[in-house]
Structures are given as structure tokens and as C-alpha cells.
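Encoded as C-alpha cells, the following chain is the form predicted on its own, with no partner shown.
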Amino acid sequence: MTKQITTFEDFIRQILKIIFWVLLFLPLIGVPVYYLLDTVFHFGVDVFSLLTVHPEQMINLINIEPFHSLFIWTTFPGFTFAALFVTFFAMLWERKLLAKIQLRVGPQYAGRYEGFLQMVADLLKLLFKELVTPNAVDKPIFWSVPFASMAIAGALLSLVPLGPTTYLADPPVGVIMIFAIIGFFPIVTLLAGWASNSKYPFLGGLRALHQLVSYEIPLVLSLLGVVVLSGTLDIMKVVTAQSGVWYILLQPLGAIVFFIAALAELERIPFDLPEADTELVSGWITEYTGMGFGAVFLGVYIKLYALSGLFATFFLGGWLGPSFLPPELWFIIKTFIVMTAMLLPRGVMPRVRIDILIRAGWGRLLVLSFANLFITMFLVSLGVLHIGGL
């Protein structure tokens, strides 16, 4: 019979046992399996030679395949970096900033100074909370939604370049791929609401479907002016085309439409109808607990990071900036500023009614996005604006 973990000491003891057995059997099993696979795929790295490498030379292993690609996709600028970035942003910065705006204290006790360990406390809480599966849910779909949410957000993340040489993927039609990936989010939210087999999640899923479809079209059209000015669908080339002037100065209307539509796409106040806590408990994620909720939460905030990064890429020159800071740092600063701007409405604005929300998406923002496109094409045809930069 498995011994129950009832105290923190029992938990630490169990973790140490797991680490011990992993460290014991990993070399015995992992090394033979690696060399067996090496005969087929030819990785080109001698595992035993790593034991004689000087510690100062270990960093050079990052530039050796397959470690280089693995490091990029999983660590920096990949999923791990984005997850740590949004964890700090969501669990500490957002809470403290909103608390200051609303004259509250915010996180205070987890850590000696300003609750700076609150993000660690929340992560541990989610890790050890029980995973509850309601009896009436469609279990395969219900539990696939958190992973699908993270996967789709990670796919969107792969198209966000941090620097001229720091990126995950650089497809020649990256702008079109952004539109294709964003289209999967309404499907995931509707599946979550339907699979929960509960009225509140289902209503939240229906609201999310109507809302996201209403705002994705203006979101897509707001970028067409940028595509016309840059003359390319390659995201990296869109950034280099802004070396003379950022497109937020040439496309202010498109930037405004993209920002508002991104807020609705992220379901953030004042567009948080799918998760309205005063009406629907927590909307389409009501039935998720523990790390199921944590995975959905992480996917939503990685989506926030990705859309903020795309705003910085298309309208704020991406990684471009004075040379006294690395390009990647300029991009992170711009993205952090955009993310902060996106959370400010939560501190000062009420939730809008769903009829007003949908009318604004299909009416005002759609008209503004078309107007921005026509004005851009008109100015380009007159020679006022030039394709590929000024």
C-alpha cells in the first residue's frame, strides 16, 4: 500500500528518493539507449567525453547539435524562458501593479520584501492541489484542452523573434502562419466548455467563440497595412523595414485596432465575458483544478506574451534600438511595456456587455481596420509612403 504524504517532510523525503533512483538508473539505461540511437541518427556527441570537459567549456556544448536546437526550443528563447517570464509577470508584477492602482497591498507575505516569492508559492500550490475530474465530463477532450492550449500558444510563440539571430523559426510567410495559429484558440475554448458538461463552462465557451471570431478578423486586417508598407510576409524583414521609422508612427490606426483586438483575443478586462467571475464563476475553465488549471493559465499568459511580442515586432521595431543594449534586451523591454499596457484596463475599467462587445468588433473595429488598409494603399500609390521603409 502506498504511503500517503501528509507532511512537508514526507514530501521532501519522497522527492529525494525519486532523485536518487533517477540518478542511479539514468546512466545505466540512458547511455546505452543514446548510443543505440546514435548508430541510426548520428548525433555526433560522445557522452563519455563530456565527463572530461572543463566546466568553463561546458557552455560551448550549446552550439553543438542536437543540443543547440534543443536549447533554443526548450530554454532560450523557447518555452522555458517564456514560461518563467510570464510567471513573474502574472503572479507578481500584475498583482502588485494592480494593487497599487487600486490602493491595495497585493502579495505581501511570501518573501520578506513585497511578496517577491508569491509566484513560487502559487506554483507550489498548483502543483500539489488535487486534480479533480467531474463525473460528467468528456475526459479525453477535457484533459487534452490544457495541453492543447499550451501547444497552440507555444506554436504562436515560435514566430516571435527576439533578435536578428535569436528566434525559433523564420518562415517566409510568417504573417500568414500567425493568422492560421490564432484561429485555433476559439476551437479550444469551445471544446473546453463543451467537454466540461456544465452550464457555466459551456456558456463561457459560447461567449469565447462569439468574441474571438468577432475580433480575430479586425486583428488580421490591422496587420495588412504593415504588410503593404514592408512589402513582405516575413516577420524578420518586417522588423528590418522599420530601421528608419517604427510603424506605430505610420500605422497608428492599425496599432490601435491590433491592441484592442488583442485584448479581446486574450479575454482580458474589459473583454473578459467568457470568464466573467460574477456571472460564470470562471467561465470555460471553471471545472479545472490543480495543474490542469495551471496549464490553461500558463497557455493564456504565454499567448499574452506572444501577442505583446508581435505588437512590439510589427509596430515598435522589434529588437531595433540603440546599440548600448543587446537587441534581445530591447525586444524584452518593449514586450514588457506592451504587456503592462494590456493589464492596465483591468485596474480601471468595468466589464462591458456582450452585445456592446460584439457590436464593437463587427462594426467599429472592422471598419477602422479596412479604413487603415485603404488609407495605407492610397498613400503608397501617391508616393507619400514607400514600400520597404522610408
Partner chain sequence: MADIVFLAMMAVTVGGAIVALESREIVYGAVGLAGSLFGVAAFFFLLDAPYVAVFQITVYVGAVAVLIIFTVMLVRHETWMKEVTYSLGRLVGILTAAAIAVSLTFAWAASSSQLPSVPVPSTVTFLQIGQLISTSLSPALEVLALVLSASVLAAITLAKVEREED
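Residue numbers count along the first chain shown, from 1. Keep in mind that this is a model prediction, so the values were computed, not measured.
Just so you know, the form predicted in complex with the partner chain exists too; it's not on screen, but the next bit is about it.
> Has each of Asp277, Ile333 and Ile337 got a heavy atom lying within 4.5 angstroms of the partner chain in the predicted bound form?
Replying inline: None of them does, since no heavy atom lies within 4.5 Å of the partner.
> Taking the partner chain in the predicted bound form as the reference, which of Ile176, Leu124, Leu84, Ile101 has a non-hydrogen atom within 4.5 Å?
Replying inline: Only one listed residue qualifies here, and that residue is Ile176.
> Tell me, which of Leu206, Ala169, Val281, Ile217 has a heavy atom within 4.5 angstroms of the partner chain in the predicted bound form?
Replying inline: After the contact test, the surviving option is Leu206.
>> Is Phe293 near the partner chain? Define near as a heavy atom within 4.5 Å, in the predicted bound form.
In response: No - in the predicted bound form, heavy atoms of Phe293 and the partner chain never come within 4.5 Å of each other.
> Would Leu320 count as touching the partner chain in the predicted bound form under a 4.5 Å heavy atom rule?
Replying inline: Contact check for Leu320: no, nothing within 4.5 Å of the partner chain in the predicted bound form.
> Is Pro164 a contact residue for the partner chain in the predicted bound form, using a 4.5 Å heavy atom cut-off?
Replying inline: Contact check for Pro164: no, nothing within 4.5 Å of the partner chain in the predicted bound form.
> Val132: heavy atom within 4.5 Å of the partner chain in the predicted bound form?
Replying inline: Output for Val132 is no: heavy atoms all beyond 4.5 Å of the partner chain.
>> The chain here is shown without the partner chain. Which stretch in 302-310, 252-260, 186-194, 92-100 comes within 4.5 angstroms of it in the predicted bound form, by heavy atom distance?
In response: Checking each option against the 4.5 Å cut-off leaves 186-194.
> Out of 121-146, which residues reach within 4.5 Å of the partner chain in the predicted bound form, heavy atoms considered?
Replying inline: Asp138, Pro140, Ile141 sit within 4.5 Å of the partner.
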